[in-house]
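First comes one chain, alone, set out as C-alpha cells in the form predicted on its own.
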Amino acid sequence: MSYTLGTHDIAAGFVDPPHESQRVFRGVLDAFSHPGRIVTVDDAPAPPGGLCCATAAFLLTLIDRDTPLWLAPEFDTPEVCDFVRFHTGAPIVGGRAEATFAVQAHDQPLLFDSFNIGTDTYPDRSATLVIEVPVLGAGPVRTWRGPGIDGQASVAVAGLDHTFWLDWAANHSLFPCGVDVVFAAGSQLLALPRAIAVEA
C-alpha cells in the first residue's frame, strides 16, 4: 500500500541529525562487528505508532532515497510511511524483492521469504531485515558462532520459535549470499549477520 504525504502530524526525527545519526551508526557498526552484543540507542526519537524507538532510529540513520524500504502490513500505515518519507526520502515498495531494507514483526510467517539475497558477484546487494521482538537478552538461549565472536556467544532473543531458527540455518547456508537481520526491542538493537551460525 502506498500513500501521499498527509497533513496529519508527522513524528519528529532526530533533534540534531548529524550527531545523533553518527552515534546510531556507530552503534549499528558495533552490533554488526560483535554479533550477539546488545546495543542501546541513546536519545532515540519517539517513533510513529507501531515502531519501537530502536527501529525508528535505525531507519533515520541507514535509509535514504536510494534504499527502498518494505514494511510488513502492521507497519505500513500513513503515520509510519509519512515519517519515513519526510525524514529520509526513502521509497516504500510493495514487493519484498525490491527492498534493500525491511521492517517486520517476529510473529509473522515466512520472515525471509522472497527478499533479495544478493549474488556471488554482488553479495552486498542483499536485503537487511529489521525484526521487532518483545525483548532482547531474555528467552531461549542459543549459541552463536562466526566472525566477530570470540569462540561462541550465548544469545537470547524473545519471541522467536523453532521455525525461525530453521529458516535462519537455511539462510546462513547461502553465505556469502543471504539476508542480514537486526533485532529491535525498545531502544535496543542486536545484529545477526548472515555469516553467523546459530545452534540450540
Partner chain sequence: MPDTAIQDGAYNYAYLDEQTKRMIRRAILKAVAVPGYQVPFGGREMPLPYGWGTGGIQVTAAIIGRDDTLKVIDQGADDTTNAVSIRRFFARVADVATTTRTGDATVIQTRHRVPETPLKEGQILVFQVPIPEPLRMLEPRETETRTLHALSEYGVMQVSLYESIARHGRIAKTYNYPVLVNGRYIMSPSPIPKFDNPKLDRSPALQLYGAGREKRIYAVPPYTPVKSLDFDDHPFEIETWSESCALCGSKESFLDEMIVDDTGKRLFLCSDTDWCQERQGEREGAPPEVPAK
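Residue numbers count along the first chain shown, from 1. These figures come from a predicted structure and were not determined experimentally.
Below, we turn to the form predicted together with the partner chain, even though it does not appear here.
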Worksheet item: Pick from 145-153, 158-166, 131-139, 47-55: which stretch has a heavy atom within 4.5 Å of the partner chain in the predicted complex?
Response: 145-153
Fill in: 4.5 angstroms heavy atom contact with the partner chain in the predicted complex for residue 28
yes
Worksheet item: in the predicted complex, does residue 64 have a heavy atom within 4.5 Å of the partner chain?
Response: yes
Worksheet item: Would residue 83 sit within 4.5 Å of the partner chain in the predicted complex, counting heavy atoms only?
Response: no
Worksheet entry | is_contact(residue 113, the partner chain) in the predicted complex, heavy atom dist at most 4.5 Å | no
Practice prompt. Select from 93-130 the residues with a non-hydrogen atom within 4.5 Å of the partner chain in the predicted complex and write them out in sequence order.
Written response: 101, 120, 121, 122, 123, 124, 126, 127, 128
